[in-house]
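First comes one chain, alone, set out as structure tokens in the form predicted alone.
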């Protein structure tokens, strides 16, 4: 891949979007990258609803992308369980549109999938294991995977694990939820130890993705940080990185503790291993603890700047 590429990124206003946009601009040049979303929360974003097939095609005709990075997705599991049609329209139809238009206009498609497509019956999952999604979020994301694989020969599918990144402004996942409790004055955090996974730092994910795209080894890849853990492990490490281990107690609970708030079905284990990336010598992901240390710096500045 060269600087002559033209890159269209969808769903770029979310927690992964900033890292992907910055890495794409660094690699291909700002004038060659068009970042879109339905939520225009950055000045560098343009409006595009991937559910609208005609508008999506207009974007292809206008920008003439050679690479499409399809980040657009609904990732709130509870929302997807309660808004099934919206989940299918965004995660399912949106991915179909990306694949069909990439084929029609001969663009390379990069699709982001999730560890959540597995049922958790095994302890860990390699790239070759057969998914069995439990939630509507997972089902709709897996549909995107299978559609891309079936209809394209020139594509990359990258499966992420427990995403962390985007910072205080955009992180909608575990780290920021924990931080908001801490910032709100909580002296005790209740965290589950019966959910296992592999954290995935957005900065590493975006950087690695760009390098793998360069390899020309098309296909589907697990792409998560090295090492696995429980939610409890992550919370304890984060509290320690904020130098608050003597001030905040992290209490172990089971998932039943949150069964009202988090009612969508979740696998007991979402642990992925980067088998194919490692075997091909293109696994650039660092250990999750190293990544969390980097990421926590932003929260430390925010937290201690308020005291």
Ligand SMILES: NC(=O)c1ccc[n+]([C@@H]2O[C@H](COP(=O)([O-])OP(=O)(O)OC[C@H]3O[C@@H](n4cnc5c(N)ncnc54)[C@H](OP(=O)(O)O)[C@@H]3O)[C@@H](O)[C@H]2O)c1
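These numbers were taken from a predicted model, which means no experiment stands behind them. Residue numbers count along the first chain shown, from 1.
One more form of this protein exists, namely the form predicted together with the ligand; it is left out here, but the text below deals with it.
- The candidate stretches are 27-35, 260-268, 240-248, 48-56, and the one lying within 4.5 Å of the ligand in the predicted bound form by heavy atoms is 48-56.
- A heavy atom within 4.5 Å of the ligand in the predicted bound form is found for one listed residue only; from 183, 173, 103, 143, this is 173.
- Of the listed positions (72, 225, 98, 138), a single one reaches within 4.5 angstroms of the ligand by any non-hydrogen atom in the predicted bound form, namely 72.
- Every member of the trio 39, 90 and 114 reaches the ligand in the predicted bound form with some non-hydrogen atom inside 4.5 Å.
- Residue contact check for residue 15: one or more of its heavy atoms lie within 4.5 Å of the ligand in the predicted bound form.
- Within 4.5 Å of some heavy atom of the ligand in the predicted bound form lies at least one heavy atom of residue 161.
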